[in-house]
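First, one chain by itself: the form predicted on its own, in structure tokens.
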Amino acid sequence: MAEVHYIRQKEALGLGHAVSMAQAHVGDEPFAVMLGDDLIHPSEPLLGQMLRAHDTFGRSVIAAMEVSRQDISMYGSIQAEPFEEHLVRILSIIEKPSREEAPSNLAVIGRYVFTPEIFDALRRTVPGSGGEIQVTDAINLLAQEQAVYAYRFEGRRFDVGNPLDYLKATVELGAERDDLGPEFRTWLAEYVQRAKLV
């Protein structure tokens, strides 16, 4: 069984600050970060694929996927070079750039496999707007010093911080459940028929 440690981030000082608080528990081991508002469909083995890439190359691996150009300003935008199937090497990352400043529409999403060198990069990361320490800025520092890879994800993902994606996740994942799905799908079909009549 896993040992679970709970750490409270007392101030909202950014994801980078939150990650840095785990160092006492992680030590010198590689570790994964999974953001709770970024749901990956259970059928998609994204984290397992990232862990295999880390095991093969011994470096940090960041999940990424293509988003529309108009949405890139909500993400970290990756400048990369091809490496191998599904993997690119990160040259730089810009946190939430404007559409004009974004080097690509390849966006960082909420899964990371880090080597412990990320902690040193986080210590050297200068706080940005609002005093927040961005993990994206630390990844950018690390990528200038050693290989950091992005795994290009093409599967089903829900950003449940977005109200529409939250509803989509609830409906799609609920409809697929063995225990609730049949009854829920029946109700949903009836609801759609009623909505058409209104």
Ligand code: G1P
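None of the values given here were measured: they were computed from a predicted structure. Heads up: residue numbers just count along the shown sequence, starting at 1.
Heads up, the form predicted in complex with 1-O-phosphono-alpha-D-glucopyranose (G1P) isn't pictured, but that's what we're talking about next.
- For L15, a non-hydrogen atom is located within 4.5 Å of 1-O-phosphono-alpha-D-glucopyranose (G1P) in the model of the complex, even though that partner is not displayed.
- In the model of the complex, 1-O-phosphono-alpha-D-glucopyranose (G1P) sits within 4.5 Å of a heavy atom belonging to D38.
- In the model of the complex, no heavy atom of E117 sits within 4.5 Å of 1-O-phosphono-alpha-D-glucopyranose (G1P).
- Contact check for I109: a non-hydrogen atom falls within 4.5 Å of 1-O-phosphono-alpha-D-glucopyranose (G1P) in the model of the complex.
- Contact annotation for the candidate site: Y75, K96 and T136 all lie close to 1-O-phosphono-alpha-D-glucopyranose (G1P) in the model of the complex (heavy atom within 4.5 Å).
- The stretch among 168-176, 30-38, 49-57, 148-156 whose residues place heavy atoms within 4.5 Å of 1-O-phosphono-alpha-D-glucopyranose (G1P) in the model of the complex is 30-38.
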